[in-house]
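Before any questions on how it binds or moves, here is one chain, the form predicted on its own, in structure tokens.
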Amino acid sequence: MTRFADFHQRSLSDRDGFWAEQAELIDWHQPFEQVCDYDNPPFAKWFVGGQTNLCHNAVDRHLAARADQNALIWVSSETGQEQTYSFRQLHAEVQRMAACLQELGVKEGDRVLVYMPMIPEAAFAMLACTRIGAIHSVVFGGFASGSLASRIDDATPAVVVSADAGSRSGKVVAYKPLLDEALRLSVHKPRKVLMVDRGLAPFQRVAHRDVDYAPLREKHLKAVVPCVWLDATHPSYTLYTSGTTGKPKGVQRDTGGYAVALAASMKHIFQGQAGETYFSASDIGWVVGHSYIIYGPLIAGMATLMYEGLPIRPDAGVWWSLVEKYKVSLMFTAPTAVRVLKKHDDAFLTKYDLSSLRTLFLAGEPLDEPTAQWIAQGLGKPVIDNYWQTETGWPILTIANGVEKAPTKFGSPGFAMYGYDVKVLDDATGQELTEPNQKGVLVIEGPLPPGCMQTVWRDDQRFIDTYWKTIPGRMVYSTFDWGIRDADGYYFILGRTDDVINVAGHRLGTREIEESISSHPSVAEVAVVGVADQLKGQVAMAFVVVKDVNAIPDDAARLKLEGDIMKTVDSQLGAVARPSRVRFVTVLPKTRSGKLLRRAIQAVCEQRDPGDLTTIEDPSALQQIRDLL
């Protein structure tokens, strides 16, 4: 079958037959008896009766054919260290970590909270957990104590695995004091804390609780810890969604469905080949890091490159130097990172031999057309956007060139992927919008395909209420994103349903205005928010980072550029979409994973408390906006 439309249709009309075939891409200890049990919507159980293991599929099964090939390549531009592990060496290290966890009392079904920088031991810990049937819960390294405490209380881990410190932009970020404070604040107290000492920051050990990893690892150098064969429906991990308020929302993922979904995506979407190298420039604290640093590439028999550092340190060519050195075939990063690179000399894009690189994949937030064109032309490589969520675990919308080659459209992530029954609905009536370019809420008809969340950890009702009961008269999974589908079947994401601006009765997506402003040649980055206005209800306010700050040396130049940008929006979207003001800043407030903090910007504009800012990359960015206003 070569037509993607047929491939996709079969995944919906012959769901069980389709996914039974994809399940052949992984190893099973015990065959499944039922592909999908959807007797209790919206809860889907995949590959019921089957037994498998994520760690076996990522590591052990490759030992026969490629034991001495690269499996994990670790590079830190922060500390100047590089370390490569073959599949054989990774297998040994994961067993050592697993033996350490078992000695600390971790059993099948226990939770292990991983609060780590981007170091090999973080990968060992995750794989060791899935090896022995423990459920890992990774929290982004350096997360603030209060947020970490709430996740500890929700996950109730038996053990926490952490390190003395991480490093960012050459500055050491001490983790242990943050963890100690979190454990003081939390109601739940883990039995043990396993500490990896990198020698970056001295730390206090708590007697009878804290255990040093290095001596414990030495004790288990010859450890043999077999994989525990787990039911396909056994939880593999929980991961807390970013930007949650109140009690954290733990996305719960299964074992068998996730392994099958990742294996299929590596074949059909990413076209990864065993023995090649995959570089995902993300963090293990985010879903991309779980799916496409740790599990996906390894399941496919590829080497995975794990990077600690920034895309511009020591210079804006560091990523491309790694592509050359390690013959990277496929790369995955975020549009934000590309926009950061866009501010630097284009020469860095052509300085290194990138002949091994086939495709650059981007995800994390909508990819604007100017950024996509800049990086595609600069690298001379195909750039494929993709759209998905922590909740889904793998792409909802993208291009599956492994099934049928299709052109990309700048500004669109692509088509609905196999397994996803995506529809555009009117949010007020629940009616499906079938004509091209009709704007509505992007939803997915149940069941969610393999690899998607099973439920919210320990809160099935919250799973139903949050995701499945938002559209009148319809029980469908809401992505909470506005979208349109064009006549060719390509989808365009227009922003969050809660990022809609209602200007004098006109509903405008912030994303549409941002896309227009981004097309102005002077603009490097932009964030648009809706701000309360007595006359119009709301007005759009734009905050812009210019490519060259010297181009606006004084107030007169700033006013002229503001006017030019407004004219651009007028000509592309009409006067109704014109921002009330365009303010110029040197940096936009973002999380450490690169997501714009639009709600915090909006709160500052409306003189409200911006709320939880524990994930903010640079607090001075928000202060700049306060000062401007």
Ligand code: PRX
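Computed from a predicted model, the values in this text were never measured in an experiment. In this text, residue numbers run from 1 along the sequence as written. In this text, rigid core is short for the largest set of C-alphas that superpose within 1.5 Å between two forms.
If you look for the form predicted in complex with the ligand, you will not find it shown, but the lines that follow are about it.
(request) Determine which one of 205-213, 181-189, 349-357, 390-398 lies within 4.5 Å of the ligand in the model of the complex, judging by heavy atom distances; exactly one does. (result) Contact-bearing stretch, as computed: 390-398.
(message) Which residue, 443, 288, 72, 195, is the contact with the ligand in the model of the complex, using a 4.5 Å heavy atom cutoff?
(response) Spelling it out, the residue with a heavy atom inside the cut-off is 288.
(request) Go through 231, 308, 365, 121 and name the one with a heavy atom inside 4.5 Å of the ligand in the model of the complex. (result) Selected residue: 365.
(request) With heavy atoms only and a cut-off of 4.5 Å, decide whether residue 241 touches the ligand in the model of the complex. (result) Taking the distances in the model of the complex, the answer for residue 241 is yes, it comes within 4.5 Å of the ligand.
(message) When the contact criterion is heavy atoms within 4.5 Å, does residue 385 count as touching the ligand in the model of the complex?
(response) Within the cut-off, so yes.
(request) Would you check, heavy atoms only and a 4.5 Å threshold, whether residue 312 touches the ligand in the model of the complex? (result) Heavy-atom contact with the ligand at 4.5 Å: absent for residue 312.
(message) residue 493 versus the ligand, in the model of the complex: is there a non-hydrogen atom within 4.5 Å?
(response) Yes, residue 493 sits close enough to the ligand in the model of the complex that at least one of its heavy atoms falls within 4.5 Å.
(message) For a quick check, can you give me the residues of 464-482 that have a heavy atom within 4.5 Å of the ligand in the model of the complex?
(response) The stretch touches the partner through 479, 481.
(message) Given a superposition on the rigid core, I'd like a yes or no on whether residue 499 shifts its C-alpha by 2 Å or more between this form and the one not shown.
(response) Residue 499: C-alpha displaced by 2 Å or more between this form and the one not shown.
(request) Superpose the two forms on their rigid core, then report whether the C-alpha of residue 89 is displaced by 2 angstroms or more between this form and the one not shown. (result) Moves: no, less than 2 Å.
(message) in the model of the complex, the Cα separation between residue 453 and residue 499 changes by 3 Å or more relative to the shown form; did it shrink or grow?
(response) Between the C-alphas of residue 499 and residue 453, the gap narrows in the model of the complex (3 Å or more compared with this form).
(request) Work out the direction of the Cα-Cα change for residue 366 and residue 538 in the model of the complex: closer or farther than in this form? It's 3 angstroms or more. (result) Compared with the shown chain, residue 366-residue 538 is closer in the model of the complex.
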